[in-house]
Ligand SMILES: Cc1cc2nc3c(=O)[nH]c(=O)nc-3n(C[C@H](O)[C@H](O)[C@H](O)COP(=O)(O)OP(=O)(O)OC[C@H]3O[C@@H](n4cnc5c(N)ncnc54)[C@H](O)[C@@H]3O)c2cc1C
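The chain that follows stands alone, in the form predicted alone, written as structure tokens.
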Amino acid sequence: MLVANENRMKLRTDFTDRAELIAYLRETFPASAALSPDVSAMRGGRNAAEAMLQRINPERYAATRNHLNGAVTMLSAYLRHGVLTLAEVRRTALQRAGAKAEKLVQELAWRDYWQRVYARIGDGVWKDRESYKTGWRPVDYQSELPADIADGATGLNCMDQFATELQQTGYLHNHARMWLAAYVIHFRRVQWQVGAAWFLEHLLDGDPASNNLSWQWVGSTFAVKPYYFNRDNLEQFTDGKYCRDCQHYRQGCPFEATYDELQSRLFPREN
């Protein structure tokens, strides 16, 4: 459930339990509550953040972070809201793993980079930083998110479960975000801004810097080429869990192709 800055007021901080807090937020921010009935199970606050920080494993992160069951840190929401700082996470990672923390530190550096770009261009993160490298023009992309994507009703098990998880939990693994963004932009040809706004409605760690510039990276307006994926890639990093139960497992999967075949199909004007 997104809590937007609907009113400038002094908010209550004394609650007997989580249920009372949730009820208070629903009443205080009705427009935000109306976006979704779901409430994330993620706990906020410094104590929860510190406990999560103490569980990070930089070596396993480096080896498994691209897998949906990998050892990701789950610290993004705490970083987003200033409960933890990048310096704290970097320091803990280096103390725990030394040089083997390089990949985790590198990802922290990307987050820092997005923030520095945002500080310089502000609302420019909502504008194409460069032209598309897909062969398509901005006007060739839809300006609204198709209802079947938002409703998790595309018939594609992976995309539907990603959309449902996004809206019910306020979180998605980074690789799932990339796949879902690539599907929205390249397979359904929807403006990246539409997808970026959709993510920001639901992500607890969503911010215009990391979110929008990552969408632009997938779309190719902040990268040298578009990012897209095929079924082999998705199955490899999900252990095939979505494909096995999908109605398109045997036939009709739009991701079942080589990268060369997908490039010809998705970006015919570039060939």
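Counting begins at 1, following the sequence as shown. Everything numeric in this text was worked out from a predicted model, so none of it was measured.
One more form of this protein, predicted together with this ligand, exists but is not displayed; see below.
* Work out which of 90, 100, 188, 111 lies within 4.5 Å of this ligand in the predicted complex, going by heavy atoms. => In short, 111.
* Among the candidates 76, 154, 161, 169, the residue which, in the predicted complex, approaches this ligand to within 4.5 Å (heavy atoms) -> That would be 76.
* With a 4.5 Å heavy atom cut-off, would you call residue 58 a contact of this ligand in the predicted complex? -> The answer is no: residue 58 has no heavy atom within 4.5 Å of this ligand.
* Does any heavy atom of residue 214 come within 4.5 Å of a heavy atom of this ligand in the predicted complex? -> Flag for residue 214 set to yes.
* residue 136, heavy atom within 4.5 angstroms of this ligand in the predicted complex -> Looking in the predicted complex, residue contacts with this ligand do not include residue 136, since no heavy atom lies within 4.5 Å.
* Might residue 83 be said to contact this ligand in the predicted complex, defining contact as any heavy atom within 4.5 Å? -> Residue-level check for residue 83: no, no contact with this ligand.
* Asked: this ligand isn't shown here, but in the predicted complex, which of 161-169, 143-151, 118-126, 102-110 has heavy atoms within 4.5 Å of it?
  -> Among the candidates, contact is made by 102-110.
* Sequence-ordered residues of 170-188 touching this ligand in the predicted complex, heavy atom within 4.5 Å -> Stretch hits, in order: 171, 172, 173, 174, 177, 178, 181.
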